[in-house]
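Laid out below as structure tokens are two forms of one and the same protein chain, each shown alone and named structure 1 and structure 2.
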Structure 1
């Protein structure tokens, strides 16, 4: 079948299969999760023995993909934007080592924070690392860019960053497939020493990276993903980055935009094309979904010259994702945002599922800690962050993956005792273990609740790296055996669970309580599948 109706994520996944990848590594995070799920579910990928692996965190995913690239095979690593923070160390250094087999780093940004704690724009990471970047404007380009990106990576022996946003990741369009390519054979780098980042080698490699910048820009200048579309009205020139082109076209159904348009889908920014638009037009409007990345470059430090409009001057809102109405207003067209949303369909806050084990863990914790007052429970990224909402009002922080344990430690160091950390099983192995080791080394008076629902629930029920390992990990990190408790968070055990928590809150050292019961959603799915088999 040459044409498929695909999500942006699915188009990227299918392109990876078609481009001859040998492995995809990822930690689940919306809006990137469906890429790896698609490959995991693909019969074609299984027949080709493509490795599709959920890793402990994004750093380990990046390093595994770099290792596969080192061995000469094509690899893809996928994460959401905040995951790139976790992977930043190997990601930045991979620009210095370079790649051997093609290597694509997929970062899915989330403007408007639909399921994230910030609106970070991954293009800054690509610029920081000084590697080529690709940003599709639609699902077909997402597919084509993966095919092209692997070739680009192997041409320059450099990782390539592919940046998408939520709206493209989770919307569908017809995608024309472009043939199949066999996987690379194992082949070591001609000079494997470039992967040894001792200072003397790294300095040499860095110089080579700098020398390559002109070639990367020349490649972007020639790229079909960057287009100069002329228009008769030179009072305004429009620059669109990625999905911004679609939002512009939605205001011109016939696609006859009267102004010159510079479409950018490949970076480094092609300076000559930008200069041409700047010289020909009286003013510039920049449409980019995310931070004012390109707009800042155009303005420079002095902000002298022609008028430049975009997110920085308020022509486009500084926060949130782009949409056709925002573009219309920026163009001076009528604001047609529409009538207020009726209450019956107004967004409602999410809630823990009925029967969720976290409910009963929070009920016991709230009662156990009540005598000490509010503000002592540090939570983490996962379903259990919903404990911030009514009727629980159970947590006082949720900052980033793994922060619960280390924030509880810091608060206890400051004298806030007792202090409690609440972390999920998957998040614990992602980035909570090192914080627990710090607490053990200093014998910090904290109580850690590792809520074990046997899955990575928030992103759809992917396997948890912690399954069957939590007690052993805690023992290995030095938590005393008598202060590790496994409890069953069900209503009939409320008094028993609460008393265990009360006891450990008074202990002047590190204690770990593991409320263990399978996620109600994955349990329901598992039972349905079991009945089907019968």
Structure 2
């Protein structure tokens, strides 16, 4: 028996290798990043020539995976929950085309927003696309579900959504590996025209997808990932999704839950199982990590039936991840914490590393823009978002990847001039370039700072697609050469950098300033490795 201590993410990665994937495509994003990193570092994956690729964004990843599936091979695509917003177009449409080789879409949700801007629940996307969905309750299930998920995907020729949350992704436990499968050979779909989504074909394909729904549900009904665990006390029936089951078990020694429990791990929700629990119990408690997805379905709009408890009536808090204490309270148990946190304990928020190049970009920008006042700097997602904190207090927005340039454009169009965009190199290629083209076409008066630290730092230092070539990209998009500046963000250059910014703030068109210096963390890592090689 091969038992390994793996993070949930690593279990999924190893399962992908064992399930015979030919490729994994991903854009980094906490808490999904470690899946692709594991495959990239795996000797086994290299020997099997598995393609492991950091893509430019989640949409390109999803499409590449769909292409690999079209060609008959198994593919996995991984992203954080908000990445699925970016990939939503190909994702929803892949349900209409269907898959050929097995295709698993992994979305890692972040309830409690440990490192995200929202806590959206990807299960709504699965339901929206009307495809089968899997949600593991532990690391072993995460492993098993990937293997099973590829079978399911190939059986029904449909992509399968695997939904995990931060807690599982970043928690380690023993996982037993289970066999090795060969990769598929290249092979066209039997009917490749189903990938041509012209209305006439799409209508037919969509009808087929609708017809398949009953079969997907039937599969969920038979699945070992969905279990009805009976209990003697029928005053309450409990439905758990994902990690909810563990927190429930934690509250009963030896897992002796007195109530009937319905554990859901595979969707569409098997109605029969829910009906059984509903009929046998006086009330229902729903424990799910994320939005009240199942609870809302169960209540319906009018909520005329039995008492249903969960996030919607406050039995469980409406937001944030579950934990054993929240579940104890929901069960009416005593919840005894240790001593309170002493008042003297101060918050310790994350901050920019000492010597980080972003610090010197912000110092220059703050001074250059001072005369115009605050509220004009549209920033983006990355380490530099920490410029929101003291002592910098340098930015006024951070919404979604790429939004800096486009929001600055909109604000400038509205008359807020000067308007500044601050965006990282990786975010720029992820979804900043198209917005820059918009600004060039309209000659919007914006100043764009593309912070080129030669890496995707926030997520741990993955390579960045256009690092070192940003000025070429900007030139090609039509930014005028004399309004593109590459600067070195170091204290010594403060005056010079500040003056360049000041000048460009006054220019009534698109200008791009590229502060270029490597991230301290990746630079240190690189030097260390270099020393090791010597």
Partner chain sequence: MKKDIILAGVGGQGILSIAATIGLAAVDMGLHLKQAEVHGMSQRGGDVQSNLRISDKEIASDLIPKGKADIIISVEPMESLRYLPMLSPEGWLITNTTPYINIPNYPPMEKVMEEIEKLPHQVALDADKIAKDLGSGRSANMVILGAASPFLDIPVENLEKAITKLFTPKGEEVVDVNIKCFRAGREVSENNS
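Numbering follows the first chain given and starts at 1. The structure presented is a predicted model; accordingly, all values stated were derived computationally and were not measured. Here the rigid core means the biggest group of C-alpha atoms that line up within 1.5 Å when the two forms are laid on top of each other.
- Here the chain taken from the form predicted together with the partner chain appears as structure 2, while structure 1 comes from elsewhere.
- In this overlay on the rigid core, residue 345 has a C-alpha that sits 2 Å or more away from its partner position between the two structures.
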